[in-house]
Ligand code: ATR
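Given as structure tokens, the chain that follows is alone and in the form predicted on its own.
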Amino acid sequence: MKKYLVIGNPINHSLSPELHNHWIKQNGLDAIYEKRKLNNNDLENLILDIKKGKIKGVNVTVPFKNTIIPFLDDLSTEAKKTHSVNTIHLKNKKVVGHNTDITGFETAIQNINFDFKKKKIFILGAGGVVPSIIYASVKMGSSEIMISNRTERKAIEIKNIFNNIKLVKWGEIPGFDVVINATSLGLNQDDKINLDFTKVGKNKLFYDVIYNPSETNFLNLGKKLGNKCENGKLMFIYQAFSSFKLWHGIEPLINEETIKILDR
């Protein structure tokens, strides 16, 4: 039986096993997908297990999307450009890192029929998924990208990758068309971002990369202020779709049943 994993810390919130095991069963594959909480000092042994064939593929989530890179043999073009990896597999005896978050975000935005062309994008956070969102936003034709992070140093690190973005001090709210919560604030139901969005106007897009819980306080606030709100469910499904295709050579089915798996 082939073994696949999602690694992170924390990891309890991840619904990757539910989704991947659903597709594995649907396609009659002899495989299992599990989640594992790791620390930085566990990464080297994880890569050795992949090289030995004990693990066939790994998804990477917070906080390892960047820190896993030094242990890999090669990176896809997108992973190199974003300095971010969320999918790993063994190819020609080399452990290769890919970034399917870009496709996941882009496809999710297309599915809600929201046009990013000439739009101002304001991103909260500077974690591992942010470079993927920036890369996809540029690809979709956004006019300006601004990021704000509680720790400015991390925001500067992102600017070193994408020098055209603008840094905004945490607490300041610039004019925007789309605001994206890419922080972990919201994984717990009582988490609040504590930023004042009351003067931004209506009909903006409030987007949260978090999908579990399905409605964070950030999205609830956006809705109350008269804005379009979307959680990270579709992004999550489409990045998983790309990972599954990469590992198994199969395009899994995405339908209402698939989406309901993540309704929690």
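Numbering starts at 1 and runs along the sequence shown. Note that the coordinates shown come from a computational prediction; the quantities given were computed from them, not determined experimentally.
There is also a form predicted together with the ligand; it is not shown, and the following applies to it.
Heavy atoms within 4.5 Å of the ligand in the model of the complex belong, among the stretches 86-94, 180-188, 108-116, 139-147, to residues of 180-188.
Proximity of C229 to the ligand in the model of the complex: non-hydrogen atoms within 4.5 Å are absent; the residue sits far from the partner.
Among residues of the shown chain, T151 is one whose heavy atoms approach the ligand to within 4.5 Å in the model of the complex. Taking the partner from elsewhere, A126 is found to have a heavy atom lying within 4.5 Å of the ligand in the model of the complex. Contact check for V62: a non-hydrogen atom falls within 4.5 Å of the ligand in the model of the complex.
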